[in-house]
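So this first bit is one chain, no partners, the form predicted alone, shown in structure tokens.
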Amino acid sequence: MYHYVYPEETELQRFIQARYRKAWIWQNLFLLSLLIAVISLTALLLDIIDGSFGYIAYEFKKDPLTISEKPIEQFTKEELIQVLQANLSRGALNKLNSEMPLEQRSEADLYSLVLERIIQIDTKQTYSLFESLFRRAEIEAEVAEKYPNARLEFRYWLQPEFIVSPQSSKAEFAGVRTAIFGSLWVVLIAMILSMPVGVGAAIYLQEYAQKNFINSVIQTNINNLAGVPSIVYGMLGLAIFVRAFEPLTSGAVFGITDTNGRTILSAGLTMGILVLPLVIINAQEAIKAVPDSIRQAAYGVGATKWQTIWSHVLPNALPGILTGNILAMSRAMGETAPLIIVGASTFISQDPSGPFSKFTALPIQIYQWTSRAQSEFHNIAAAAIVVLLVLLLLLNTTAILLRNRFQRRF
């Protein structure tokens, strides 16, 4: 008969101490990982905020006093229109009126046009937020020495006018309104394609498909497609949606002949294909998490397979499905490479009016501004990054709220 021999007290103490020592090491490694993640995110946010505010030294190319002795800030809407009509060429006026008649523009918009087109701001130097806070005296002395005629102003690059203004060739007047509308259009089309197709494919693979070689290959390929670089999907979208399906994506089949295949529709379909594997995988995991006992109980009372899926499986999986879909849309909103391939514009001042419009998007706008040499474009790029992060945060918050709501309901 086997007799268990207990370890001696000293040996037992060493064994227990070793276990606690190992647990302490792993606990601190996990804590270190968390600290590295927090520090990295904090550094990223500080760098973005640092570029979104700060002093700017600028001069007016045309003295405002040559237009009127009255300060331009005090001009009425009618006076601003008269200044534009008196100082702009007929071609420039016609272009502005074709975009939106001057009489229909707001006073703030007209004031910006006067500054941009007539007085013309010449930016000499920009400073970051931390420089502006801790080196104010040095900055004032430097500007007074190098640019004696310049004005020094603390600029909030991220302000309401920045969000509601269209693109401009001057960073001081540029905004992200057109890019926001473009991003929302692209994400909407991507969602319309990927959500029903992805959820339907997930239902079939998880509930109907048999365990055989063909279905295993399909499942493996879906998992692999989720890791394919996004630029590959951009090349796919260029070949299929922009070129092969150009009559459809350009709107030619609907009588629209002034565009080609490089439209919002092509970009949205490309993004829908890009996030489709993610939608399928997330939906499968949500369906798989539904307890099998729920299915067996439904079968026990005579429900068919489809009745079981529709009335019991999907309602319980819906919070996870919605969360996965919205997180996939967040990825689509932040992608840049596929949009460049399918032909997103780097400069466009017209808001998209439909799926067949030319477009730009927030990531494209940020990329274009950061590639410019002028420092003021880097400042508005930082402000645009904040806008993009806020939009992504709103999408993620929506996912959490929807999940919590449907969890309470079901």
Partner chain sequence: MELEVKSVAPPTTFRLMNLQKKMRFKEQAIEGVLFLVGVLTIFITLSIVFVLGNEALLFFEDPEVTLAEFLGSTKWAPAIGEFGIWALVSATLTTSVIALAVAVPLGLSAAIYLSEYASLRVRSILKPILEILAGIPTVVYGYFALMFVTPLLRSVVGNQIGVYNMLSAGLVMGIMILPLMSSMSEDALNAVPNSLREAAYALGSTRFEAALQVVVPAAFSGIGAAIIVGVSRAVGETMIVAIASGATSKFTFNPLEAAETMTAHIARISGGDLSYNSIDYNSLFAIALMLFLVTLVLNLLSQWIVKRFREQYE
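Take the two forms, find the largest set of C-alpha atoms that superpose within 1.5 Å, and that set is the rigid core. Numbering follows the first chain given and starts at 1. Note that the structure is predicted; figures quoted are calculated from it, not measured.
Just so you know, the form predicted in complex with the partner chain exists too; it's not on screen, but the next bit is about it.
- P166 falls outside the set of residues with a heavy atom inside 4.5 Å of the partner chain in the predicted bound form.
- At the 4.5 Å threshold, heavy atoms of K305 reach the partner chain in the predicted bound form.
- Remark: Y367 counts among the residues lining the partner chain in the predicted bound form, judged by a heavy atom distance of 4.5 Å or less.
- Proximity of I280 to the partner chain in the predicted bound form falls within the 4.5 Å heavy atom cutoff.
- With the partner omitted here, the stretch from 83-91, 70-78, 240-248, 116-124 that lies within 4.5 Å of the partner chain by heavy atoms in the predicted bound form is 240-248.
- For the residues F134, Y156, F254, Y208, the 4.5 Å heavy atom test against the partner chain in the predicted bound form is passed only by Y208.
- Site annotation in the predicted bound form: the residue of L188, M100, A297, M235 reaching within 4.5 Å of the partner chain with a heavy atom is M235.
- Along 372-404, residues H378, A381, A382, I385, L388, L389, L392 each place a heavy atom within 4.5 Å of the partner chain in the predicted bound form.
- The two forms, fitted on the rigid core, differ between this form and the one not shown by 2 Å or more at the CA of V38.
- Superposition on the rigid core between this form and the one not shown places the CA atom of L389 less than 2 Å from its counterpart.
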